[in-house]
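Next up is one chain by itself, shown in structure tokens, the form predicted on its own.
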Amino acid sequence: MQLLANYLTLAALYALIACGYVLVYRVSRVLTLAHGEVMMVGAYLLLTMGTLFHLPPLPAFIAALLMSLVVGLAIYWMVMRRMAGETVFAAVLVTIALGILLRGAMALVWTPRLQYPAEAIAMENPSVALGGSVAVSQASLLIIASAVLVYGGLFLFFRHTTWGVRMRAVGENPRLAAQRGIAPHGPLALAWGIAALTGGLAGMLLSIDTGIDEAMAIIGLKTFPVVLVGGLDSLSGAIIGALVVAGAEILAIYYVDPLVADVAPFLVLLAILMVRPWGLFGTREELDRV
């Protein structure tokens, strides 16, 4: 049972991070390589809410989430909006440069040393017994609950709200959407904003459990197999990809060797891409074989 608890926690974390990749790609067709750094920004914003403003946990989380949303909106309006009409490859290179700049800026402002936002906002992270010898941290339960709420909210948002329909329209056919009176910049900016918010939430909850330093961005890169396995433009695929990749990683830790855990997701990725290069639930026409 402890194995199952660890598996669900890791899968929920991967799914929470992966939805940001999917949102950005689904609406703008840009694969952002700065998502790990954006996730770190959210965690550092939570740290700042405690060290600078001395906020308690709930207000600190709300303030940091709102600021993460603003960061995503600013990234689009200040950087990515200028890439309209350019090649996808050029936009991806811009996200790489953005990630490097963000990581350097965070090291200058917050220093690269390991820090603990939980201490800054006076939030406890006790171990929660789930029966028998099974126990997980409170942050792990929050990660699982957050993943469920975020995906449930996103599915409702895309199906039953005006802005959700606009984002889907811009992602599927931006020219036709523009002809129908949908200005693309609003939905595109909102996609980047929501991606930053969900990624920031993942970074905040992870930092409560393990602390934060510059190595957190690596987890963002480790989520790539999740997104590619599930399909770059599929939220449902992100969930399945998270379950598959987390399962491979957990089994490698418990039954093979912990050193193999970092390799296992990429082995799964290679196996899936050889059969379905567009991912399990991705749209075939959206990806070209290299």
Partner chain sequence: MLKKLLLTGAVMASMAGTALGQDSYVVGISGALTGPGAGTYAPVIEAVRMYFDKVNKAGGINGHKVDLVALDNQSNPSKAAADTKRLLLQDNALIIVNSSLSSTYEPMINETNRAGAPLLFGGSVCPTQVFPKADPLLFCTTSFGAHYDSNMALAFIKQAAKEDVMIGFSAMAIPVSRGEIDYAEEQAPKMGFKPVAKEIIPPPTANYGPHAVKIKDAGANWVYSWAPWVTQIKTFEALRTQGWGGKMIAFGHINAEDELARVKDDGFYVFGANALFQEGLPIHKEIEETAKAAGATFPVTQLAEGWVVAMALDAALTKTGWPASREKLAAVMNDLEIDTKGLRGGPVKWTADNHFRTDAFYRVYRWDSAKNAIVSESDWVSFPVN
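Small disclaimer: the values here were computed from a predicted structure and weren't measured. Positions refer to the first chain, counted from 1.
If you look for the form predicted in complex with its partner chain, you will not find it shown, but the lines that follow are about it.
- Taking the partner from the other structure, its partner chain in the predicted complex has a heavy atom within 4.5 Å of a heavy atom of Tyr254.
- Although the partner is absent from this view, Leu149 stays clear of its partner chain in the predicted complex, with no non-hydrogen atom inside 4.5 angstroms.
- With a 4.5 Å cutoff on heavy atoms, Ile218 counts as touching its partner chain in the predicted complex.
- Not displayed here, its partner chain is approached by Leu259 to within 4.5 Å at the level of heavy atoms in the predicted complex.
- When you look in the predicted complex, the only residue of Leu188, Leu197, Ile121, Leu206 with a non-hydrogen atom within 4.5 Å of its partner chain is Leu206.
- This chain appears without its partner; in the predicted complex, the one residue of Met67, Leu55, Ile250, Leu243 with a heavy atom within 4.5 Å of its partner chain is Ile250.
- Residues with any non-hydrogen atom within 4.5 angstroms of its partner chain in the predicted complex fall in just one of 219 to 227, 43 to 51, 56 to 64, 235 to 243: 219 to 227.
- Taking a 4.5 Å heavy atom cutoff to its partner chain in the predicted complex, the contacting residues in 128 to 147 are Ser133, Ala135, Val136, Ser137.
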